[in-house]
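A lone chain, given as structure tokens: the form predicted on its own.
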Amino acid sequence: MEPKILPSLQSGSSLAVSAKKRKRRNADQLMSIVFILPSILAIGVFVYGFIAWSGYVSLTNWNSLVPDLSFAGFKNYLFLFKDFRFQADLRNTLFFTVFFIIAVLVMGLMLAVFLDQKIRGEGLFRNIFFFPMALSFVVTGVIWQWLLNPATGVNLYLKKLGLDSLWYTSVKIIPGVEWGKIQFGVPVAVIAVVIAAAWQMTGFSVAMYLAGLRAIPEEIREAARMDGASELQIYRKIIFPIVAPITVSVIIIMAHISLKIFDLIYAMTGPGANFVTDVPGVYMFETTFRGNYYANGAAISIIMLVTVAVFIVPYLISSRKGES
């Protein structure tokens, strides 16, 4: 007969095992905290700490090389919203964001559908479409500055056709309705920046849409074809609704990029004549580091942060709810 193990010994051994597991788990948690603590401290100081400092400086009178941290309230913000240049920046950012997002979405979806047809040489086309993403906005700005130069670039062909070759440097606003201190409308010169930005970032939307299209089972398309649906109806009523969440993601990411754009504008056009291509990022840089108006520059940066947060925070909240 096999010897019977007393219940007290069984419970004691199980308690010892659970205690060892608990101790190992606590040690793992402690090591995890130790590893991520430097990152948490760095983010807390160099991200959220500097955001808080910028917010504090924006409420002071520090608009010279000599620090003046006396409280000024919202004086700097009121000055900006009455300022001609900042009003022009808001107008330019609005139209740049709208046209940039539309261009990236339309071209990205069209190219993704083109690649989804499993064409010959798909790998080559992918590399061509994705290559601009490997460049920085500074490089893109310099390249398109050369291409759109009224004296040497592709505008020479427009001149030969009798068209306006100076649109790249135009100060024209369409339709140019008076609004505050500025003319409200589409600055013609902004279109050039939209072309350059869309050229670089379309590859991102192509990758997103192509991944979504390739994730759709072929059986769904075959079933729709058997029911008599045309290819146009399949895309319009089945495929496009399925990839709608990807469209939302692309819009959020592109809006985040366009609202804080700086390097492309600075390298390609600068503020432009009459500030027709100026944006808050360029204004903040010149105000802070060239004009030494630190409180005004901090106020511009906080306004940029708020505008980006308006797009990002609701998206993160909805994504978190979707995951839970």
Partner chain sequence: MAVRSVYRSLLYALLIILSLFYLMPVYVMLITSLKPLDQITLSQMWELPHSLDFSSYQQAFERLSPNFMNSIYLVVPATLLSALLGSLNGYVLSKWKFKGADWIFTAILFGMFIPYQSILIPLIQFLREVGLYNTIPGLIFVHVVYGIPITTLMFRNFYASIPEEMIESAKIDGAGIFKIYQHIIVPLSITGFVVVGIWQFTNIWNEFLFAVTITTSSQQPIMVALQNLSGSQIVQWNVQMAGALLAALPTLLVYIFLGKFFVKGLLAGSVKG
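Numbering follows the first chain given and starts at 1. Quantities reported herein were computed from a predicted structural model and do not represent experimental measurements.
Omitted from view is the form predicted in complex with its partner chain, to which the following refers.
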Open item on the list: Heavy atoms within 4.5 Å of its partner chain in the model of the complex: which stretch in 107-115, 216-224, 174-182, 71-79 meets that?
Closed with: 107-115
Task: Listed residue (A229, V138, V98, I191) with a non-hydrogen atom within 4.5 angstroms of its partner chain in the model of the complex - done: V138
TODO: Consider the chain as shown here, without its partner, and state which of V142, I238, L166, L90 has a heavy atom within 4.5 Å of its partner chain in the model of the complex.
DONE: V142
Open item on the list: Given that its partner chain is not shown alongside this chain, does G281 nevertheless sit within 4.5 Å of it in the model of the complex, heavy atom to heavy atom?
Closed with: yes
TODO: Classify Q29 as contacting or not contacting its partner chain in the model of the complex by the rule of any non-hydrogen atom within 4.5 angstroms, answering yes or no.
DONE: yes
Task: Touches its partner chain in the model of the complex: F275 (any heavy atom, 4.5 Å) - done: no
Open item on the list: Within 4.5 Å, heavy atoms only: does F131 come near its partner chain in the model of the complex?
Closed with: yes
TODO: Could you list which residues of 26-59 come within 4.5 Å of its partner chain in the model of the complex, counting heavy atoms only?
DONE: D28, Q29, M31, S32, I33, F35, I36, S39, I40, A42, I43, F46, V47, Y48, F50, I51, W53, S54
